[in-house]
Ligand SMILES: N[C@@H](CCC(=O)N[C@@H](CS)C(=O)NCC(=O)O)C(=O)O
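So this first bit is one chain, no partners, the form predicted on its own, shown in structure tokens.
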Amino acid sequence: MKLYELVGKDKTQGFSPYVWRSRMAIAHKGLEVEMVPLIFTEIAGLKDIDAKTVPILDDDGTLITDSWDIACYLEEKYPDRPSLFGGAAGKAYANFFNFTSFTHLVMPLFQTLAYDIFEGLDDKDRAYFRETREARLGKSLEEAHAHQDQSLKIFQKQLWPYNTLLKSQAFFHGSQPAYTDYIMYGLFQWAKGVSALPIISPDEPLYGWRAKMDDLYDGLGKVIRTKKPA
């Protein structure tokens, strides 16, 4: 089993939030995986794989190219291993979480991190990233960086329901982690891998939850080193 991931200058630091969802899902299932690092501009050049983004899972020749589809594939292909969803209701909850988190968490966090991501990219990726992400942002990367504090505050303001929920249960899935937790965890791995900016404070329930997530699967999440301030 191979999982293609996104890297920058440092080929040991995979930072895609969507790859991290899949990486944690694979670990949850107790499966072994080989990580294949790619920079942005290498993805389109993959032979026999029609994909523009990662993650890409290659399970003995079966290719899946979307993090949600990968989770569903793992659940169906390996039903005898720990469930990622805990049944139909849990799957529906995770899918809802997947959609709702995009607009009010992924987008403001992307605006917060965009310039920091650019700074860490392989030189071959910089022109591509600037062109495509500035079109998405509607502004230059430098303008986005100038408003980083405002974007971060928007993101942090949106965290209140997640912090509130974690006051009454250990994980988003309940007493044990599952795919909903991996969706959220991917965001924190993304931020940790590309920026020195602290996005939550130690007094928030999310802070303790993230520490528990870091310790899962023999500390898998700790392979992402916190980026040091420039």
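Start at 1 with the first residue shown and count on from there. This is a predicted model, so every value here is computed, not measured.
If you look for the form predicted together with this ligand, you will not find it shown, but the lines that follow are about it.
Within 4.5 Å of some heavy atom of this ligand in the predicted complex lies at least one heavy atom of D66. Within this chain, R133 lines the site of this ligand in the predicted complex, having a heavy atom no more than 4.5 Å away. For V54, a non-hydrogen atom is located within 4.5 Å of this ligand in the predicted complex, even though that partner is not displayed. Although the partner is absent from this view, V7 stays clear of this ligand in the predicted complex, with no non-hydrogen atom inside 4.5 angstroms. The candidate spot formed by S16, F40 and I43 lies fully in contact with this ligand in the predicted complex, as each residue has a heavy atom within 4.5 Å of it. With this ligand omitted here, the record of contacts in the predicted complex names 125-133 of 125-133, 73-81, 86-94, 147-155, defined by a heavy atom within 4.5 Å.
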